[in-house]
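A lone chain, given as C-alpha cells: the form predicted on its own.
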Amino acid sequence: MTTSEIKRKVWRISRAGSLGRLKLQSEGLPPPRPGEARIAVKAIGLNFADIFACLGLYSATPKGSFIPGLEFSGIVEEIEPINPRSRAKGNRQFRKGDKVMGVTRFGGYASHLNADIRCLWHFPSNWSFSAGAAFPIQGLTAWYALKELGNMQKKDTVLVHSAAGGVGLMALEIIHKMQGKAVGTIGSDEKLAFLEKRSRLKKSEIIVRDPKNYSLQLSQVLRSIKEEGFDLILDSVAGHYLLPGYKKMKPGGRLILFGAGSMMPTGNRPNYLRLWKSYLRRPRLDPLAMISQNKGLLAFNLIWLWKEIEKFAAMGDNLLSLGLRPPHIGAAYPFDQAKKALQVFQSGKTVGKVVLLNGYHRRR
C-alpha cells in the first residue's frame, strides 16, 4: 500500500487557448485511491483531442490548469484494490510489475499517474510500450464507431476517412477481421504507398481526396469494387467530404462522425476567423429528408463514455480478442519534446500513431 506522494514530471497547461502555454514541470502525485493503480508511464499516445483541448476547441476541455493526454502504457508500481480480499473478473486483475496500457480522462502527459483499474489492459507480450500506448484510444474509437454505433455486419462495405492515421488503420484491421469490404481515403499522395503496404487495400480501393472531384472519385471506386453504395462511413474529416459521402450510402446506411480534421488549426493559437468561416460553411442535413432516404448520421465523442466507464473494459477486451496486429508507430519523440511532437502531429503529414517516450524505450 502506498502511504505517501511521489514526485513526477508532467506537461501542464495553465489554461486552454495556446499550445505555447504548455510547460514541463515537476509536481507531486498522491497515493492511488481504492480502485486505482499507480503507473510508471513508459509511452504516451498523441491524439487530435489533445491539440483541440489545449487550444480550447474541445467541448470536454477542463477549466483552468490541466494535463493533456488520454492514453498511455507503462508498469504498475502500486495498486489499491477496492476490496483487498476481492479479485476482479477477467482482464481487471493486475499486480505490481505488470506491463499495462490504459486510458485516462486527461492527465496522460506525465511520468507517473494514477489510473482507474477498469481502464487498464494487459497488452500482448510481443508488443512494445509504444504499441501499447498507441492502441487504446484509436482502438476504442474504431470499435465504438464500427460496432456499437455502426452495427457493422459481415460483408458490409465501409468507407474509412484518414485511413493512414491511427484510427483509420485500426478500423481497417477490424473490418478485415470481420470480413467486411473497405475503401480508404487519404489527404495526400505521399501516404499512398504507405497505406498500400500497411493495409490490405489495393490502389483502386484508396482515394486521395480531391474536394473538387470527390463525388466522382466515390462513384469510380464504387464501380471498381462492384458496389452500389456504402453501408457505413467512418468520418473524422467532415467539411467538403461529408455530404458527398452521405449521398453515396445505400438505403439503411450509417454515417458515423467523430471528428472534424478539416478544421484543424495549424498554429499555436486558433485562427478564429478561419474557424468561423469553416463553421458557417459546415455541411447540413435535413432530418425530414433523411426519413425518406432511409439513411442515418450518428456522431460521438469517446470521452463522454467516461460516464459509462464499464463499457471501456468490455470494448477493450473485445478488441484484444480479435488478435490484431500491433499499431503502426509513425513517429516517436522523447517526453521532453512534447511540443515538437504535437507540432508535427498537427501538420497532418504523419502516418499511423505519434507517441512520446518517457525515458525507457527499448521495444519492451
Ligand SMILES: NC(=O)c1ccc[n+]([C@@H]2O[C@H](COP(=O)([O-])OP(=O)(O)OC[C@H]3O[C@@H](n4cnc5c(N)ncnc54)[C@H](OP(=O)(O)O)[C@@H]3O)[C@@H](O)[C@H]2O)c1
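Quantities reported herein were computed from a predicted structural model and do not represent experimental measurements. Residue positions are given as counts along the sequence shown, with the first one as 1.
Just so you know, the form predicted in complex with the ligand exists too; it's not on screen, but the next bit is about it.
- Within 4.5 Å of the ligand in the predicted complex, a heavy atom is found for every one of Thr141, Val167 and Asn301.
- Partner proximity in the predicted complex, defined as non-hydrogen atoms within 4.5 angstroms of the ligand, places exactly one of 314-322, 293-301, 36-44, 59-67 at the interface: 293-301.
- Residue Ile186 is the only one of Ile186, Val100, Leu242, Ile117 with a heavy atom lying within 4.5 Å of the ligand in the predicted complex.
- Think of it this way: in the predicted complex, the ligand has a heavy atom of just one of Arg254, Lys248, Lys191, Arg198 within 4.5 Å, and the residue is Lys191.
- Within this chain, Ser162 lines the site of the ligand in the predicted complex, having a heavy atom no more than 4.5 Å away.
- Although the partner is absent from this view, Val158 stays clear of the ligand in the predicted complex, with no non-hydrogen atom inside 4.5 angstroms.
- Ser236 belongs to the set of residues with a heavy atom inside 4.5 Å of the ligand in the predicted complex.
- With a 4.5 Å cutoff on heavy atoms, Phe345 counts as touching the ligand in the predicted complex.
- In the predicted complex, Arg209 is the single residue of 207-233 with at least one heavy atom within 4.5 Å of the ligand.
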